[in-house]
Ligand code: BGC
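Take a look at this single chain in structure tokens; it is the form predicted alone.
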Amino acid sequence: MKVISVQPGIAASTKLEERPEPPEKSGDLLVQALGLGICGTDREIVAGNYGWASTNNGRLILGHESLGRVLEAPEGCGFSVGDHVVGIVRRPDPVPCSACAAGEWDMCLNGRYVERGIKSLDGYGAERFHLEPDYAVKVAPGLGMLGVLLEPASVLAKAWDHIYRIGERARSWQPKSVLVTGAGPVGLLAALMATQRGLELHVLDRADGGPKADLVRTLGGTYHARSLPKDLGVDIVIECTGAPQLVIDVMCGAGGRNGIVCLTGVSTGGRKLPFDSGNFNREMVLRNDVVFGSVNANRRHYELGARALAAADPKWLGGLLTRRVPLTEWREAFERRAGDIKVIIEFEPAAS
């Protein structure tokens, strides 16, 4: 079978290669890959800037945003042949820490977790792969290839879950509005979930218009190009770009009183910016504001993400998949092109 593999830490080491079929593994699902989503993390690994090898000769099978169809399922496992499934990315550490022991491996305390396609565990970029039932999540078959959006959706489901858990520290908290910064796949999924919660939506992105703006407006939201609206005073901000100056801007002035800012974008280090920490502290304290970071997801968040996708307009979701690249042309999926939102690799040309 064909797999996409890389030698982590070595740029230009990615290749499509032949590997033996997955050996039989008692208790696991055997899954036929349908689609693989590509994100910034994958591009960092391909560039040699990130990632940890598995035990396969210092190489790592890429891919953590999966979608597959079950070929074989053990009796009584909760899955059947033909089910569409997505594989959870992270596995708990072997100790385990108290968070991993509670099924919250996304909150791992000691960093000894592994992640498929990222850290020390082969990913889903293979024509067929094994998947433990405990780390498989069903997606509605009617979604077809749109099910590949579940991994990023799970990240936003976690962000929203934690936002509401924090907000409900005050019985009077009744959010009405949200600002999402960034209209990539993560930002647009954050926007979708905002509208599913009945919130007034604002989205900021650097693009002056085009499909991103159209997707926001279709949700009933207001699209802001390039500059952060002044005195917007929203109740919630979800920052999805990791752009250092924008991170500072949203922390220091985009929200109203009792506001919550959730940071989901990962910044590149090395750039120093002026920052009035004293005024930031004063405003945070006097306004009862909260800033927190969120990354990864556990099984509960995958399930919440699956519900959000199932409840969404499939036509709208389809607008996020701007390029579908066949496995034979896999290199094109890692290129950045104008107009891209979400790029996926298709393993089966006939898949819907």
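Note that this is a predicted model, so its numbers are computed, not measured. One rule holds for the numbers: they count along the sequence shown, beginning at 1.
One more form of this protein exists, namely the form predicted together with ligand BGC; it is left out here, but the text below deals with it.
>> Residue-level contact is defined here as any heavy atom of the residue lying within 4.5 Å of ligand BGC in the model of the complex; does residue 316 satisfy this criterion?
In response: Taking the distances in the model of the complex, the answer for residue 316 is no, it never comes within 4.5 Å of ligand BGC.
>> Given that ligand BGC is not shown alongside this chain, does residue 301 nevertheless sit within 4.5 Å of it in the model of the complex, heavy atom to heavy atom?
In response: Heavy-atom contact with ligand BGC at 4.5 Å: absent for residue 301.
>> Given that ligand BGC is not shown alongside this chain, does residue 155 nevertheless sit within 4.5 Å of it in the model of the complex, heavy atom to heavy atom?
In response: Residue 155: yes, in contact with ligand BGC in the model of the complex.
> Given that the partner is absent here, does residue 54 sit within 4.5 Å of ligand BGC in the model of the complex, heavy atoms only?
Replying inline: Taking the distances in the model of the complex, the answer for residue 54 is no, it never comes within 4.5 Å of ligand BGC.
>> Taking 4.5 angstroms as the heavy atom distance cut-off, pick the stretch from 54 to 62, 35 to 43, 320 to 328, 307 to 315 that is near ligand BGC in the model of the complex.
In response: Stretch 35 to 43 is the one.
> Which listed residue (90, 84, 128, 224) meets the criterion of a heavy atom within 4.5 Å of ligand BGC in the model of the complex?
Replying inline: After the contact test, the surviving option is 90.
> Which residue among 115, 104, 205, 235 has a heavy atom within 4.5 angstroms of ligand BGC in the model of the complex?
Replying inline: It is 115.
> If you check in the model of the complex, do 50, 151 and 296 all have a non-hydrogen atom within 4.5 Å of ligand BGC?
Replying inline: The answer is yes; 50, 151 and 296 each reach ligand BGC.
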